[in-house]
Every structure is written in structure tokens, then in C-alpha cells.
Ligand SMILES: CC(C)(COP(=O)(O)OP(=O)(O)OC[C@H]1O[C@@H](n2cnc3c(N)ncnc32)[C@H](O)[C@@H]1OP(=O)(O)O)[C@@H](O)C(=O)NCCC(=O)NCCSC(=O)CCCCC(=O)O
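Read the single chain below, which is given as C-alpha cells and is the form predicted alone.
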Amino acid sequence: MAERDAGESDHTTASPQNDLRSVLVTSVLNLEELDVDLYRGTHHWVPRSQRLFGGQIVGQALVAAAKSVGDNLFAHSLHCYFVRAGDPKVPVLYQVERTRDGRSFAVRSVKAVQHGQPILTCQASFHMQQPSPLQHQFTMPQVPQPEDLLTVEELIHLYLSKPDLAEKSKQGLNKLLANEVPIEIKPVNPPHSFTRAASEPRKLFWVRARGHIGEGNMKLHCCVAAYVSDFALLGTALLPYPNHRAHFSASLDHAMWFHSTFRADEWMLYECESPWAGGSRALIQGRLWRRDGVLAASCSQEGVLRVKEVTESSKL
């Protein structure tokens, strides 16, 4: 399997902000050390639900766990349960337990705490990179390159320019524009993002962290990818149901596996699909692909989706 060196960057030509350090590094994933294996994290972006973004808690938990292992160990998997909704008004404390240190693997347990109660439990495993004759992967989907697609913000401006757009839709789109999300997204099938047309529960979009992260710190790129992996994942299960809208949704658990080196500040293709939904729950699986076709990471999530039928027509 031919792999491009993860240090070869296309970010300098693709982003006008290549000289700015990513806020994911300087703020969102920059934890304050309070004591041995005890950290405090603050918040940058809060979703409209006014609950803490799950990807932030997962990413910060992985940062805390990674600080307790040697430089020769890299995250290869994590398994998290979301226990309570996060409160955006107070910081999160991360307590790390050094569960096991072996010759080639190390396991860490992390508890994210607010108001004296856990809001997330996470187990992360780290592995010393080793060569292996066993190498295979699925084939990356063939899609347009990110340079040929519009960002979510550009698509919103395009729809806002339509003269027959309903006032309620304008207000909703302008609220989306006001969000300071620290990642860039370019949908492969943008009409599915803004219109009510039934489609298979599968979504493809290019994604990368805003700003510059740099090469040489694979631990950090894994933490950023963990943050990114929670974006738009649960909504994939709603694509076959254009006449239903979620009145309550929440992630229940989140698992991730890291397969190869990558740069989280370079475009990666995020392939999301939902193989099952029922009982007000849905299962979603995701794959993050490097531009050269190498499978960088996989993830899986189950979430609560309580929906209600929408009767009014959309002008989008």
C-alpha cells in the first residue's frame, strides 16, 4: 500500500490562513495541567443545543490520555460513553487513570467531570508502531476534489441570494453563518444538506481543521481528528426521512480507530453511513480518507434520535 508522507502538506496553497495556528491547538485542545494526571479544559464553540460539543470532550479526553504515555506510543483506538450533557458555563476536569503499561501497548482511562459528576468516560489505547506483512483496506470513494467544491459557508451565501427564499429559512441560515466552527467542511452532495429530498443514509464531505497545525506531532493530529469525527455524524441517519426533524438528539457512545499517519489540517474525505436505525436510536459509521486514498481512521457512534413529522414545505 503506497502511502504519501503525512508531512507533505497541501495546506500552504489551499488556505489563506496557513500562517495562523489552528484554534484547535491554541485553545480547544490546549489543556491546563492542575496536578499529575489531572487537567482542565475550556470551551471554544458551543452548538445551538447549548450542550457541549461531544467531539470537544472526546478530543480533550484523548489529549489528557496522550500526555501520560511516552513519545514512542501513538493512539490506535478509543472508546467513549457520553454519560451526561456537558454544561458550557463551567470548565471540564479530566482525570486520567494509568490502567496498564505493556511493552508495546498502554491503556488509559479518562473521566471527564463537571459539577462533581462524570459527563464522559473514555478508554484509549496506545501502540508502538510496528511493521507488518498484513496490509489491506477498502477503496476510497471517487468524488470531486475539494478545490472543485464550495464550503458550507459559501453554499449558505449561495442559497441566501435566492429571491424566493422564505424569511424563516433566511434566519436559520444566518444563524449557521454566525457559528464560529473551528473546522472547514465541503459537502460532496450539497443539495442534500439544504433541501428536503429523501436519500440513502450516506454522506460524503471534505473536512480539515482551520488554521495551521504542522507536522511532526501525530498525537495532536489524532486528537484533532477525534474532535472532527463527531461533526455531522448523527445527522446521517436522518437523510432517508426528509419529512421528519429531530427534536432531541444526543450521542450515546463514540469509538475510533487510527490506522495511518495523516494531517488533520489538510483536506480529508469523511465518509459517513448509517446501517441501522430503530427504537429512537441510530448507528452511524465513518471513515476518514487521506487525499491519496489511504484510510486514516474509522469511527462508529450510536445516538438517540427522537423525531417529529414536519408538515410545512421548504423553499430551500
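Heads up: residue numbers just count along the shown sequence, starting at 1. Given the structure is predicted, the values throughout are model-derived calculations rather than measurements.
Note that the form predicted in complex with this ligand isn't included here; everything after this is about it.
Is residue 85 close enough to touch this ligand in the predicted complex, meaning at least one heavy atom pair within 4.5 Å?
Residue 85: yes, in contact with this ligand in the predicted complex.
Is there a heavy atom of residue 276 no more than 4.5 Å from a heavy atom of this ligand in the predicted complex?
Because no heavy atom of residue 276 falls inside 4.5 Å of this ligand in the predicted complex, the answer is no.
Do residue 52 and this ligand come within 4.5 Å of each other in the predicted complex, heavy atoms counted?
Flag for residue 52 set to yes.
Although this ligand is absent from this view, report whether residue 74 comes within 4.5 Å of it in the predicted complex, heavy atoms only.
Contact with this ligand, no.
Which is the contacting stretch out of 95-103, 156-164, 131-139, 225-233, given heavy atoms within 4.5 Å of this ligand in the predicted complex?
Among the listed stretches, the partner-contacting one is 225-233.
Which residue, 23, 295, 307, 304, has a heavy atom that falls within 4.5 Å of this ligand in the predicted complex?
After the contact test, the surviving option is 304.
Between the options 252, 38, 31, 283, which residue brings a heavy atom to within 4.5 Å of this ligand in the predicted complex?
It is 252.
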